[in-house]
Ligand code: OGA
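In the block that follows, a single chain appears as structure tokens, in the form predicted on its own.
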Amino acid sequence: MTQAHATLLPPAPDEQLFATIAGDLLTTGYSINPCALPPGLAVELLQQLRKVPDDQFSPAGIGRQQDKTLDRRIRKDEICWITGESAAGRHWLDWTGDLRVFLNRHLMLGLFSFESHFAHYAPGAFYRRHLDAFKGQSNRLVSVVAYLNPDWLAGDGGELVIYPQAGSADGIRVAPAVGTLAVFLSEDFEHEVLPARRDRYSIAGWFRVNSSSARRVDPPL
């Protein structure tokens, strides 16, 4: 089997990585793992990202559904949702599905579904400090960020900054180098994306719990 054909196969679950993420979420609430994404999957996702037409990316909003608004003073990235229609998208959703099962089995989080999108930050684009979910107001429970930027240099900027304590000025900086994976509790950690000096690509995703009720069915998106 050639290397080109190997990238078309879904990656096997990485139990050691999943165990590290679960342990980190249990002890600190966040897990930063450089070069953690299976290399074949990272390459496949980057190739797929480069095929997405520009008109399929749209300015990212703030909030959800009827509360969603656009505010370029807060975030200036563009996004394209991953639906699983491409082989790369399916393999990514399969891999994160394995992670969801592992976290549910070992941490009993009750994660129900997963949503994610490609994100493009043009030079100078940013996302101000924010939470992915507010306690009691959202069903996003665990945030996942994967980076797809080969040969990223320290001077290129674009770091994710995670703040372990609310209101603190000191944060943990994560360079958006290809294969790096950041996972954290959505309700607990403020974070931001600093401006980059070159095009910056990533995947942002969220594991969600089911908030369906007698009056409302909770969809994955």
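Note that this is a predicted model, so its numbers are computed, not measured. Position 1 is the first residue in the sequence shown; the rest follow in order.
This protein has a second form, the form predicted together with the ligand, left out of what is shown; the following refers to that one.
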| query | finding |
| --- | --- |
| Residue 127: touches the ligand in the predicted complex, heavy atom cutoff 4.5 angstroms | yes |
| Interface membership of residue 207, the ligand in the predicted complex, 4.5 Å heavy atom rule | no |
| is_contact(residue 99, the ligand) in the predicted complex, heavy atom dist at most 4.5 Å | no |
| Partner contact for residue 78 in the predicted complex: the ligand, 4.5 angstroms, heavy atom | no |
| One residue of 103, 145, 148, 88 in contact with the ligand, assessed in the predicted complex (non-hydrogen atom, 4.5 angstroms) | 145 |
| One stretch from 45-53, 163-171, 191-199, 26-34 that, in the predicted complex, holds residues within 4.5 Å of the ligand by heavy atom | 191-199 |
